[in-house]
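Just one chain follows, in the form predicted on its own, and it is written as structure tokens.
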Amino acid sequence: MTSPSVSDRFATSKTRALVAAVVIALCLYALQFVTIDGMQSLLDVTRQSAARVPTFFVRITLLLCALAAAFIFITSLSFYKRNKVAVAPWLFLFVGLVLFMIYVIVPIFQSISYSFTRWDGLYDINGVWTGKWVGFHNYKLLFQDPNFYTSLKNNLWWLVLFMLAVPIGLFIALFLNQTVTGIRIYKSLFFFPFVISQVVVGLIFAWAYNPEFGLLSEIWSWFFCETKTNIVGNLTRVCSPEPPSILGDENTATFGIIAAGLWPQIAYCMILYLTGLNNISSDQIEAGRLDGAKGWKMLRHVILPQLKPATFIAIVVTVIGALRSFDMIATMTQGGPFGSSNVLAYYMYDQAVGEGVGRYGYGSAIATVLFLIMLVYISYFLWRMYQDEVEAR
């Protein structure tokens, strides 16, 4: 029995490709046909809400069939068979790239386009968009808005103070990188804040800051309060001065929220550095000791250079977390008091959908400014990563 020739082995499988193309065409046609109204008549469902679930599953099934048929179609082509090593990775990335395009890239450009309009987020009774093109009007209002500058200033405070998480995380990691009894328990305790939801962290600190019953109030009472009997005969606490209301003071609210956000961020940086410390070359440590390096010299000249990748990731994640801070503000102050703790992300939400404002165009302008600021940092970090890759080669 003769083996197939090279040309036959790399030839297009015409039958498979044709069948796959037909299946793709049928699935795409069915996806256009399967609307909520169409499914209502097909399934004899009278209520629209009742038809959403079967419609969703039918659409997902058709989409999966189309993707499977597309995979079969591509793998049947002669081009794929001749360039399998180069094309195969892109096939695995294709679904993720499509979803990333639909749910990230497209909304970014939609938000940028909305920033040039005046729109309340609603459609008319016929489903027609009710927005109006206003050009750069939203940006002119934005740069005349004192609340925007307050939010931008608070973002800068977040960016500066959040960077404290990196050296503190390093210090704790160095402290915990020991082989002593019970060290795993201490590592778990320090790591615990990172696994807590940001909303839960915000609630914990909001209660701790409460001037009536919070932890800060209890500590304050140890030094500045005493218990007295009032005219009714009940015990009451008298403080001089009164406990500070951190979240109720426009001068301290932002710093109180940043302190709450630092708690889990320090834990995250600590984990990054602990991972890096476990990968440090013991030979370099011994060579440093032989050369007389110890303490600060050992840390600076031997350990820190080997922790450069962990430091890079910690800085990137910390910067992005500081710029996109939202949930802590939403949980603890909702931007108050008097908008003094707003950041760009929360101010965008507040203008677009919060408090019934409905200024989608203006909120999109704020989102665009925040996106451009983050783009500068992300582009720089990506460039640094590329330079490191080039040097490693």
Partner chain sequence: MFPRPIEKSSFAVRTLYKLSLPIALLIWLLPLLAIFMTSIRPASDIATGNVFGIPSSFQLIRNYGEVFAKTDALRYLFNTLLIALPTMIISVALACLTGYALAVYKFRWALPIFFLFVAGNFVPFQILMLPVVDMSNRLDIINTVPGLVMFHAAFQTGFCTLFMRNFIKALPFELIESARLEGVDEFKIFWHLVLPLVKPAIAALCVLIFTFIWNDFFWATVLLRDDSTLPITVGVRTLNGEFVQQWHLVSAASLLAAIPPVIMFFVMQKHFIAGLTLGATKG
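Heads up, when I say rigid core I mean the largest set of C-alphas that superpose within 1.5 Å between the two forms. Positions refer to the first chain, counted from 1. In this text, all values refer to a predicted model and were calculated from it rather than measured experimentally.
Omitted here: the form predicted in complex with its partner chain. The next part is about that form.
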Touches its partner chain in the predicted complex: Lys84 (any heavy atom, 4.5 Å):
yes
When the contact criterion is heavy atoms within 4.5 Å, does Phe381 count as touching its partner chain in the predicted complex?
yes
Residue-level question: is Gln334 within 4.5 Å of its partner chain in the predicted complex, judged on heavy atoms?
yes
Contact label in the predicted complex: Ala287 to its partner chain, heavy atom within 4.5 Å:
no
Exactly one of Trp220, Phe136, Trp157, Phe100 comes within 4.5 Å of its partner chain in the predicted complex through a heavy atom, and that residue is Phe100
Phe224, Phe255, Tyr149, Tyr80: which sits within 4.5 Å of its partner chain in the predicted complex by any heavy atom?
Tyr80
Check for me whether its partner chain, as it appears in the predicted complex, comes within 4.5 angstroms of all of Phe190, Arg324 and Val353 - heavy atoms only.
yes
In the predicted complex, residues of 185 to 208 near its partner chain [heavy atom within 4.5 Å]:
Tyr186, Ser188, Leu189, Phe190, Phe191, Phe192, Pro193, Phe194, Val195, Ile196, Ser197, Val199, Val200, Leu203, Ile204, Phe205, Trp207
Please check if Ile373 moves between this form and the one not shown, taking a CA shift of 2 Å or more relative to the superposed core as movement.
no
C-alpha of Thr311 moved at least 2 Å between this form and the one not shown on rigid core:
no
